[in-house]
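Take a look at this one chain, the form predicted on its own, written out in structure tokens.
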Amino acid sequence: MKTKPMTSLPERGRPWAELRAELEALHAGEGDWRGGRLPAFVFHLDEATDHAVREAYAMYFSENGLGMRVFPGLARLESEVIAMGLALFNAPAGAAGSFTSGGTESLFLAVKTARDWFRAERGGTGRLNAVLPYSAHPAFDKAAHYLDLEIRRVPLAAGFRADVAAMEGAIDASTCLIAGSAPGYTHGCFDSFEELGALAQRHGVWMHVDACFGGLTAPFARDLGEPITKFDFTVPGATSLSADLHKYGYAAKGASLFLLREERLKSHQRFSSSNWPHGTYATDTFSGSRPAGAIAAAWAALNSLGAAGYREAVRRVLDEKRRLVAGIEAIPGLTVVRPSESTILLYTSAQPAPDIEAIAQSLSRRGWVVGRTKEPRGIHIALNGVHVGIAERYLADLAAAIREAGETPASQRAEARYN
């Protein structure tokens, strides 16, 4: 088996058996997500769901989501996934949506569509801006970088939520978009969307609900009696909403939804050009060619689990979170950051001891990939189905990590690195 990294295309092809062996060897060295040791990146519920998702993806492995007119079955699958999303988020009649490659593309489309809508409604070609809480996802900044918008981030209010009054103070005649998170990825807190919606209506700006992380948990958590704030299209002033299917929808990557309150707004999302010899090229998403397998896999995940399956999945994750929270809070010096309204678990420590970075390093030595935050300095886990059952092992290793951290001289503690 080849041992050195490849630096050029091989002259002759290699047999699959050899390639498979090499892939298996490489795969064996990846992070142990099946053991629940990754803080994020992989969202996994069970083997039955994965099997359905993989089979569906393979059935549409070769098709292209760019050519829906020649793949009517695929077009139906996509339309049904979008319809399920619109219904889940209580969209009104006449709403519309798109299937995207992930949360980054969904947020890109939110910024692009709001920008073009604003220009069409207000006129002008000057540089526009978006006003966001400090906790908003960096994908907004990424979109603004490409689309030449200014991002104005506003410090948070108490409870790690958007400071709506401060956001209003940052709005001016060139503000095309405001947004909030449901929830914010760092702290797991929901912004006050009814206040944000009212703010958007007062100023006539677009309001986007970033439910990329919590969209496929919040409705089911509410069914279970969790106090989830109103965040969907029932909020007056909510213009668009994004929700990732490849997170808590347990679909294959990449799969997300970008949803609009009104079909007519899609004209500002769409790109179309006839300025070449072949004819009109038009897309509603940033991507041209799109993997049809991701669409089919998302359809399979939603139909395989159904509302009852998602409700049970959320219940299991929240139960595991409660076990972890109780164990962490029983350790002197550790504090779970609150309010803790979602599947995010974030905890920190009193300073200078126990030192959170020393704890993180000790956990890493015990095989846990540690997610870190910088404000506050803490340890972060995006709990999902793959973490159900880890509490006993994690808490035992955490206790050992704290003992080890207490014995480690400060001079030996490396500078924190955050992800």
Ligand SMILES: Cc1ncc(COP(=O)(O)O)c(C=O)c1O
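One rule holds for the numbers: they count along the sequence shown, beginning at 1. Small disclaimer: the values here were computed from a predicted structure and weren't measured.
This protein has a second form, the form predicted in complex with the ligand, left out of what is shown; the following refers to that one.
With the partner omitted from this view, the residue of 294, 212, 301, 130 that lies near the ligand in the predicted bound form is 212 [heavy atom within 4.5 Å]. Proximity to the ligand in the predicted bound form, defined as a heavy atom within 4.5 Å, singles out one entry of 259, 218, 81, 107, which is 107. Of the candidate stretches 263-271, 318-326, 154-162, 240-248, only 240-248 has residues whose heavy atoms lie within 4.5 Å of the ligand in the predicted bound form.
Although the partner is absent here, residue 103 sits close enough that one of its heavy atoms falls within 4.5 Å of the ligand in the predicted bound form. In the predicted bound form, at least one heavy atom of residue 183 sits within 4.5 Å of the ligand. Contact between residue 290 and the ligand in the predicted bound form is not found at the 4.5 Å heavy atom cutoff.
In the predicted bound form, at least one heavy atom of residue 137 sits within 4.5 Å of the ligand.
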